[in-house]
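This document starts with two versions of one protein chain, written out as structure tokens and named structure 1 and structure 2.
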Structure 1
Amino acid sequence: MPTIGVNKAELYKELGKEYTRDDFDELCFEFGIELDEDTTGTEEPPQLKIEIPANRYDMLCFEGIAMNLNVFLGRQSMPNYTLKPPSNGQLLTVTVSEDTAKIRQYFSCAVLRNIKFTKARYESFIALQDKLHQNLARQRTLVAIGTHDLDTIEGPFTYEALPPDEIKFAPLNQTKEMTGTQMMEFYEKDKHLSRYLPIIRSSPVYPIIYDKNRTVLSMPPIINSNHSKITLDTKNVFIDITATDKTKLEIVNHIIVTMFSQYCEEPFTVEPVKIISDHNGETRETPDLTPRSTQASAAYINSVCGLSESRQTLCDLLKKMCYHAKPSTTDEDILDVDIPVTRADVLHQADIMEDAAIAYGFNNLPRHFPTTQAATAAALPINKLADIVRLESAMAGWAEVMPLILCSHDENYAWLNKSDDGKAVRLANPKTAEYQIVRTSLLPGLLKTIRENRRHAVPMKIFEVSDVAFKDAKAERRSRNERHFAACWYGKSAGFEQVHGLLDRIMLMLKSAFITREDGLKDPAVQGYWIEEVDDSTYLPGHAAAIYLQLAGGKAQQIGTFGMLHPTVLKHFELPFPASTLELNVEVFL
């Protein structure tokens, strides 16, 4: 979790009280943060080092900590952040070039008018940007922030992507102009900036922001221009934010403007800017400071916390955590809750429940075990079924293996002579070609296990009972798991009869008798399984069978396949001997 250092005297002044170390430590505990260190006597001026939860981006600076604690203590209400257009009614505009999609496609910005900086405020402003870069922005890879003295530049602005040699300006704290390529060489040995160079260095184009006169503002995510740097005398601040993640882009914008708009001549007002980005449908005015509306169940909050508070009391508690809440007029159990833009960490009513518990006081919660309900832990039915299959396979002399659930796209499809059916769950940013998708079959893991142990004596008899995953638009998470059983015989003979025998044993223990295809199709009341030849590209033609299961009163369905592997599959997995495999879905037996 990030640790934030704040001036002890200034924080106590903001809180309106001088605290002892123990008292402030207790306040931090009650709010859900932790006092890590008080440097009184070892550092001047004394600092309080406070550990902040990693998802509380609104507390990464002095201003955020002071505001949240004051609201919690009831010394102030949650500020009402508003957008205030310029006096002439004409918003500044930023036109986003289509070429930026090649490097950093998302852009957001805002203006803080008539802001008054002191040395402490200025340092906090810079420190917040650095904390956001290291934390939420993942070392500037996802989001990069630039701040500029608006009085030194002139709108409208453009956000473009150009070849590095076409970019030329004097970077921050430098007087000599350099091209993008020269800057990469110049900052190679810089301890601070060198870590960010790889983000764009290999790209054919670099992101660049210009004003009306083609004066450079910044080259994100590396460095700002020296021309527009902010100082203690800056009165109007233009904030630019570029990103590869749209959600984090707006979170960063909200955090910066809400924390420092209190220092504007008209506190808590922000001037919006119009983004023109027609090519990707991102034309809009930023920032949007409208609170998010959601609902929470009073019964849920009370039941989890062991309370029996009224809806109005719960609403009053939530106000201490910066929410605006009121009892719903349409449902006697529901609270209508407005989540401020500072609280990006609130995703579910469970988060609201946690904040209600904090506001009530952890030490005030009832200290007893609930007696109204009792439960006994038990294995899930699917796990009990898997254990039956696992035990019978092991008793038949087969060894269980546990490969990884991730595999490469080729291993799951091309190496099994399959075409992509679009059902696999893909990783958005795989770090290696070996882990690109979640497997839809257990076979690649079995075959890779044999490949890595192919110097061992043959035959090898291995099996696995585990999950595969498929896309499913109807599921809550747009995907679902499915429990499969798979086995592989590898040796000097193909072993087709070995996997067939294992199949018969497993089906017998699952109380599914072998029946003929004709019997199954003739009488739906007959329960059992049968096999019939199937043309499957993973297996040798004429040496593969599909497994059909018919449960009483149900339709027959194919639950798996088994057969001798095709020579090309063996070649892909570097296996010199023949092999036979079996795979079936065991969830149908539940």
Structure 2
Amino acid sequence: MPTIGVNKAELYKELGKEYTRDDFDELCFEFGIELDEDTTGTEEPPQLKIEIPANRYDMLCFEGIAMNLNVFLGRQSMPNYTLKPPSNGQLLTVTVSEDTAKIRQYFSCAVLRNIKFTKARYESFIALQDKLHQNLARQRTLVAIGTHDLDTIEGPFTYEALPPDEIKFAPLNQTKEMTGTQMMEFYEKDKHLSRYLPIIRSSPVYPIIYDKNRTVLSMPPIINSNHSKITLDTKNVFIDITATDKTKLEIVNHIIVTMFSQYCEEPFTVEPVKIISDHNGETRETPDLTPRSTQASAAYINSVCGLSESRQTLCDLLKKMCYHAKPSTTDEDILDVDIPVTRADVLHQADIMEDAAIAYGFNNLPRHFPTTQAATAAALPINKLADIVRLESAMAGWAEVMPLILCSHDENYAWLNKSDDGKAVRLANPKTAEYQIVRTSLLPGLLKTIRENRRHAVPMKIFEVSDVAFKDAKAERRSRNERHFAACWYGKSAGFEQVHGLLDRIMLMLKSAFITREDGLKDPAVQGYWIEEVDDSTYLPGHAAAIYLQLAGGKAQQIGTFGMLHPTVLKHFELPFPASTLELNVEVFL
């Protein structure tokens, strides 16, 4: 969630009240934002750091927070944003070239006339662009914004896509002219800009915006030109917006102009710009500030909120959340709702319903426990089975541990003297080598737990009943979990017979008799297990056994192994004492 820092004194002035910390906390809580920090005492002037829900782009700056809270408090009504074309009726034009489709095809634009910046407004204007770039625009990949002093440039404008070497201008805060290619090198080490370079770097053409004199405005999404940069004294602001996402393009335009048109000589007016983009059918005038008209059902809102308010009351509630709503004259249930362009987060009448509930007060809603018909209290069969093994192991004197499921490739294979069997799920983007694969065995976690507890008295007797995962080409997820049981004895002697004894105990509790292979072959109806010496590189030769289970009426299958750990395994896990381990698949008992 984005956090916005606002000047505390200015905000309280705007809200017409000097709030105490508790009162402001309460207001934020009711509205659904969060006061993260009040820097009074540590910063001058004191700031309030306010956490904003990720979909409220209209609250990413001081102006938006103040406006939304004032509307919520009933101190102001939602402004009516209007378009104001130049007095001669001639709109500025931007012609979009077809080549832009190769790299960044959508363009939007607006002009704020006779704006009055102060230092605070100017900083807020820059910060809002930054927040939009980071959040909605996904680090400028989807949308990029450029703002220019209109009095330094001259329409009509063109938005083109050209080979990088044909582009040449002095970028923001530089005096030297550079080509597109040179700029890529120049900004390679720049902490801030370097991360945006890959968005266009390998493209044969770069997006570029020119005025009528071929003066560059900007090379989106990387940088504006130094020539047209805005300052505190800028009167007329030309805003260019380029995008790969058409919807977010207009949202960004709407947010910027609605938040800052209040500082225009004629507040809340915006000068539209004509975009000529016939090749992709995007020729139009931007921005379009018409509220979206939709309908919501009063019965639906009342029903979900558990209320029985009149349509007018609901409309009044919605007014506090920036809507313009009125009861429909043609349908007894319907509210005609106008959603202002600032509220891009509203997708469905569910969003309108939620806003009505917020305006009513979540904590004022009638709270009654729902009567529900569903009442199947049932435990997942595999968890029931696992709990039997867990409880029996603990009762037998073993301690349960919970290591991590992700581990390194070496821990799962090489350290257990195993070669990669290709069965493990591999991660694409782990931050550390600790997490490379999803474990296929519980042993690494047990041995790491022992390693971290070396100072604990020996013997240590630990176990885990949990899932491992294997690749599975047949499954939709191309993998499956498997519930395993594993235990480790660690002490001054290896305790081979201890883990063996635990196996016997668990088998007894799962009604599996100790039999021989011959017994099993003779009577397939008996449920039983036997063990056989096995050659397994994890264990000391001659001290490893495979566990076979024959379910009543089924075929015998190997379900696991146990044995005395090979000294090289102990060394890999930095364990000075001997140990024996046991691991088996418990799903076969389901």
Partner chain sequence: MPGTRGPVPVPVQNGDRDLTLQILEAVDENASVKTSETFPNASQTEVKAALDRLASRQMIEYETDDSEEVVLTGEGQQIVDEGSHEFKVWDAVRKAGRMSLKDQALATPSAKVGQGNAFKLKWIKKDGDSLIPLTDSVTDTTREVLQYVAEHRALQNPRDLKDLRKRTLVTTQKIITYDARKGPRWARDIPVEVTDLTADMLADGSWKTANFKPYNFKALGEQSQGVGALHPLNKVREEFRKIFFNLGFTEMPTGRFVDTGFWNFDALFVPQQHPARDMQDTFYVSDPPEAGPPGPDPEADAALNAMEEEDRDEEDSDPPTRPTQQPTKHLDYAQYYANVRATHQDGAFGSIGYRYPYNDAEPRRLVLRTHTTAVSTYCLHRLAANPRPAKYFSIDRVFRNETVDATHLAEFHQVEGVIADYGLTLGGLQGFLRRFFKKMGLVGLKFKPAYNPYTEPSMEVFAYHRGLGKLVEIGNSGMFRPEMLLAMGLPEDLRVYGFGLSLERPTMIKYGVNNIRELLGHKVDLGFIEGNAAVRLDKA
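If you superpose the two forms and keep the largest set of C-alpha atoms that fall within 1.5 Å, you have the rigid core. Quick note, the numbers are simply positions in structure 1, starting from 1. Because the structure is predicted, anything quoted here is derived from the model rather than measured.
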Note to self: Of these two forms of the chain, identify the one that is the form predicted together with the partner chain.
What the structure shows: 2
Next item on the list: Kindly check if the Cα atom of T141 is displaced 2 angstroms or more between structure 1 and structure 2 relative to the superposed rigid core.
Entry: no
Next item on the list: Once the core is aligned, please say if the CA of Y529 is shifted by at least 2 angstroms between structure 1 and structure 2.
Entry: yes
Notebook entry, point to check: After fitting the rigid core, is the C-alpha of G397 off by 2 Å or more between structure 1 and structure 2?
Noted result: yes
